[in-house]
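The data below hold one chain only, encoded as C-alpha cells and taken in the form predicted on its own.
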C-alpha cells in the first residue's frame, strides 16, 4: 500500500475572497507595574522573549529549550500548581514550525498564564511530567496527533489512534476524511486484504449521502427492496400518517378536531 503524501498546501489557500479583509486580532495589553503578573515576569527574567496580557491572562513567549525551567519557576516560585491544558498548533506550511503552549492555573490568586514556544519539524520538546502529572496524557496526544516527540517521557506511545496507524490526524495536511491508509484500515484488520474487492473502501465522510445507496440510507417516501436497482428511477410511496390527538393527518386536506378524544 502506498503511503499518503499531501498533494497541496492547505495553509496557503485563501478561504475568504475579499482581498481587503483583515482577520481581527485579540487585543494585547502591557503588563501593569506592581501587579501579580509583573512579579511573574520578574521571576522569569530574561527567559521570556516577549510578555503581554491577552484576554485577562499573561502570555509568555519563550525558547523551546527552556520550557522545563520556565514551568518549574512558575510552579515553585509563582504558585501555578496546575497545568490545565497542553497542546500544539500546526504552522508548518506558514512558518515551518509548530507552536506549543502550556496553560497554567494559580488557584490561590485565580490567575492564568499561557506559556508559548515554537519548534521546527523534526525537533523534540522536553517532557514536563516530573512537574505536572497531567502532562503525561497531553504529551502522548501531541505525539499521536502531530508527531512531535517528547524527550524523557515515561511512556511515549499513541493514545488515541492505533499503534500501527500511519500519519498524524491533526496536521493540516492530513485530509479530513482520511487518506488511503485510513480507508482500508478496518477492512484489513477485521476481514483481511483479500476481502477488499468484496467490501470496498470505508467511507469516512459522515456528511456524504448517495441517493442510489439502497443499503445504508433511509429513503423516506421512496422505500425500495434491499439492494434494488434504482438507476432508472424509483416510485414514490405516499407516507401514511396516523391520527393524532388534535389533528387528523389521514384526511386529504386535514381536519381540526374540536376536542380531545
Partner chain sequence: MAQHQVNYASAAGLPIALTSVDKLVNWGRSNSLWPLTYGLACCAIEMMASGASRYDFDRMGTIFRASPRQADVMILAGTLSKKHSEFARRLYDQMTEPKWVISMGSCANTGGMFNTYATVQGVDRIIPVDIYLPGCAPRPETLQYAMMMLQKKIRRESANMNNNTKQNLRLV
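Residue numbers count along the first chain shown, from 1. Note that this is a predicted model, so its numbers are computed, not measured.
Beyond what is shown, the protein has a form predicted together with the partner chain; the following relates to that form.
- For the chain shown alone, residue 120 is not a contact residue for the partner chain in the model of the complex, no non-hydrogen atom being within 4.5 angstroms.
- In the model of the complex, the partner chain sits within 4.5 Å of a heavy atom of residue 199.
- Within this chain, residue 98 is remote from the site of the partner chain in the model of the complex, having no heavy atom within 4.5 Å.
- Residue contact with the partner chain in the model of the complex: residue 89 places no heavy atom within 4.5 Å of it.
- Residue 169 is the only one of 169, 79, 130, 147 with a heavy atom lying within 4.5 Å of the partner chain in the model of the complex.
- Of the candidates 105, 93, 160, 124, 160 is the one whose heavy atoms come within 4.5 Å of the partner chain in the model of the complex; the others do not.
- The stretch from 147-155, 109-117, 180-188, 81-89 that comes within 4.5 Å of the partner chain in the model of the complex, counting heavy atoms only, is 180-188.
- Contacts between stretch 46-62 and the partner chain, counted in the model of the complex as any heavy atom lying within 4.5 Å, involve no residue at all.
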